[in-house]
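As structure tokens, one chain now follows by itself in the form predicted on its own.
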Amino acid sequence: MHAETKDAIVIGAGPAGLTASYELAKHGIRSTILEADQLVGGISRTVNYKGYRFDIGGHRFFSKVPLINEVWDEIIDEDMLIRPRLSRIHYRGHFFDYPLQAGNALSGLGLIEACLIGLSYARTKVFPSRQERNFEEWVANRFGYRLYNIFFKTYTEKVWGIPCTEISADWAAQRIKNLSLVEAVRNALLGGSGKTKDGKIITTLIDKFKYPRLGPGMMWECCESRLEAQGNHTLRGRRVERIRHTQGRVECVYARTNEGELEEFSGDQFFSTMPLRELISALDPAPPDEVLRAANSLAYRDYLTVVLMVKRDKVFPDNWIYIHSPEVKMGRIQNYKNWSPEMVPDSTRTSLGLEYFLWDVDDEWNWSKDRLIDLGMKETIALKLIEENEVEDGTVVRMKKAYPIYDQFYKEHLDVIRRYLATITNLQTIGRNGQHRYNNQDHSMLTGIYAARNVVGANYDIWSVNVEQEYHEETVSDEKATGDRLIPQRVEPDIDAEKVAPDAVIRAAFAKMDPFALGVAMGLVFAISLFMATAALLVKGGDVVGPHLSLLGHFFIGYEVTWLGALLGLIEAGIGGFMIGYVGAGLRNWTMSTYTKLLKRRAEMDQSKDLLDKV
């Protein structure tokens, strides 16, 4: 097959398209890349505005795929920085360390709120949601409903525009991974290693990453230059409008230049990173109506960044801040200078990227640049991050179709499209939009590499390349990076209970409780409750302070209604509550285990009787 290959046409100069061309060059195959925009890198580009560089989001270079790390090192090894990660959550005027730090969270939320969070968490451990069908149930089971409402609900709905009750629980499992309130508290109090008690890495706790000196676009600009030196051209400002095919093969594509001229490009092999919706509509002759309907049904979440240039050398220390405060539309703030000091032209200045997640039909999407900058300034000032007189310039960057949406019907639509595209033998679709998958850039690159190798005799299934549910916790080889990275998708209807195995029903009904988790929850509630009650009586004062509460001194050594007694009670009540919760959960688990075995035995006996009746 290699001998028959003449030239390749690659549509799109993002990570997938450029990497495909890079891999083709290693096999001696010449390629031409057609890019609709004036910048390469796709959503991983770096925009330069008056010497200020900024990402479309913020792209950490971290991969468990060895092959991808090798490619990064080949292209710009010396220009890769090792950057510390710092990110926090902003909620109602307070900053919360992310991951959670006990002292920081307590000071930001206050003792009363912390006590209510502990009670909420204890309630979910005693009465958890058994099915965990949606994002809300999954998160609440691990953090309690009160903490879920504070730290998860608002931000998630800002980003995806979908109620949390309609987002799959599987997506939460993939994105939040192994972190829970207990793991966060354990890590905060005991100085944990960033691992769960069973040894898995909590990726939310990873504190370093690689980053190109001049932003992620530097990687793809260097890749483009290397390809150009080998005779593989990247033509910018070429938007593909028509793809002519016949007898199961693409013959050529037609691209419109910025000047309006229509150019024809022929080749032997074709690679597309176009959004599938646009690719299907560009095919000539047109696909069957069923395929067109499926493509037109695919949805995308759009995104824009308002960039502010601020007359201050240090605004905040974070790489980025999640904005959970519901009173502003902004979802996240990037501090590009903290990704790399060379992202700003002047060390006395800072550039901030204010990120807004929108639909292209939203009013804000069509606002003017000045109006969006004004909105960004007002919201950043309201968050008390900057002063009005510190902003000296600003700009806006829009990115349509930044996030492919997984609604409840997308798999059916994608199956229809894939079956049709399989009939076109010399066309492979790669990358995030080329496969309508929420890829990280490393897996977009992997689809490009595999597709390139397919034209020289390999037989990779590029549709199997993606991030598994807990990909970051387990090393994935370049040969086995399979699975389907889960992004917010609407919850499917309830499963018919009659189709569920009896064992599964029993396990779901009598799931084990975590003794340590319940112990921590009970300990927090007991400790904070006693401390608050003692403190309230001391503040109230009187001739005899707390005569009834002081009777607890019979149970807690040294306790009395004094400030010293309050501290002793805090410690002893916490220990006592932990022991009650730990032992209680253990007894409950033993009781349920015994009862489960009894039920299972009865069920087996009933099945045996039924079997004999049928003989």
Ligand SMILES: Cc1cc2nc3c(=O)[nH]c(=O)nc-3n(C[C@H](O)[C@H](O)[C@H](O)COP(=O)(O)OP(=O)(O)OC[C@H]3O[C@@H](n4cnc5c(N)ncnc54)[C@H](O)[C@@H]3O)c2cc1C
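This structure is a prediction, so every number in the text was calculated from the model and none was measured. Just count from 1 along the sequence shown to find any residue number.
In what follows, reference is made to the form predicted together with this ligand, a form of this protein that is not presented.
Visitor: Which of these residues, Asp268, Glu278, Asp318, Glu157, gets a heavy atom within 4.5 Å of this ligand in the predicted complex?
Guide: When this ligand is considered in the predicted complex, the option within 4.5 Å is Glu278.
Visitor: Looking at Ile162, Val456, Leu81, Ala402 here, can you tell me which has any non-hydrogen atom within 4.5 angstroms of this ligand in the predicted complex?
Guide: Checking each option against this ligand in the predicted complex, the one that comes within 4.5 Å is Ala402.
Visitor: Mark Trp138 yes when one of its heavy atoms lies within 4.5 Å of a heavy atom of this ligand in the predicted complex, and no otherwise.
Guide: It does not: once this ligand is placed as it appears in the predicted complex, Trp138 has no heavy atom within 4.5 Å of it.
Visitor: Does this ligand come within 4.5 Å of any heavy atom of Gly41 in the predicted complex?
Guide: The answer is yes: Gly41 has a heavy atom within 4.5 Å of this ligand.
Visitor: Determine whether any heavy atom of Arg53 comes within 4.5 Å of a heavy atom of this ligand in the predicted complex, and answer yes or no.
Guide: Contact with this ligand, no.
Visitor: Heavy atoms within 4.5 Å of this ligand in the predicted complex: does Asp37 have any?
Guide: Contact with this ligand, yes.
Visitor: When this ligand is placed as it is in the predicted complex, are Gly12, Arg60 and Gln441 each within 4.5 Å of it, taking any non-hydrogen atom of the residue?
Guide: Each of the three qualifies.
Visitor: Could you tell me which of 116-124, 519-527, 232-240, 411-419 sits within 4.5 Å of this ligand in the predicted complex, going by non-hydrogen atoms?
Guide: Among the listed stretches, the partner-contacting one is 232-240.
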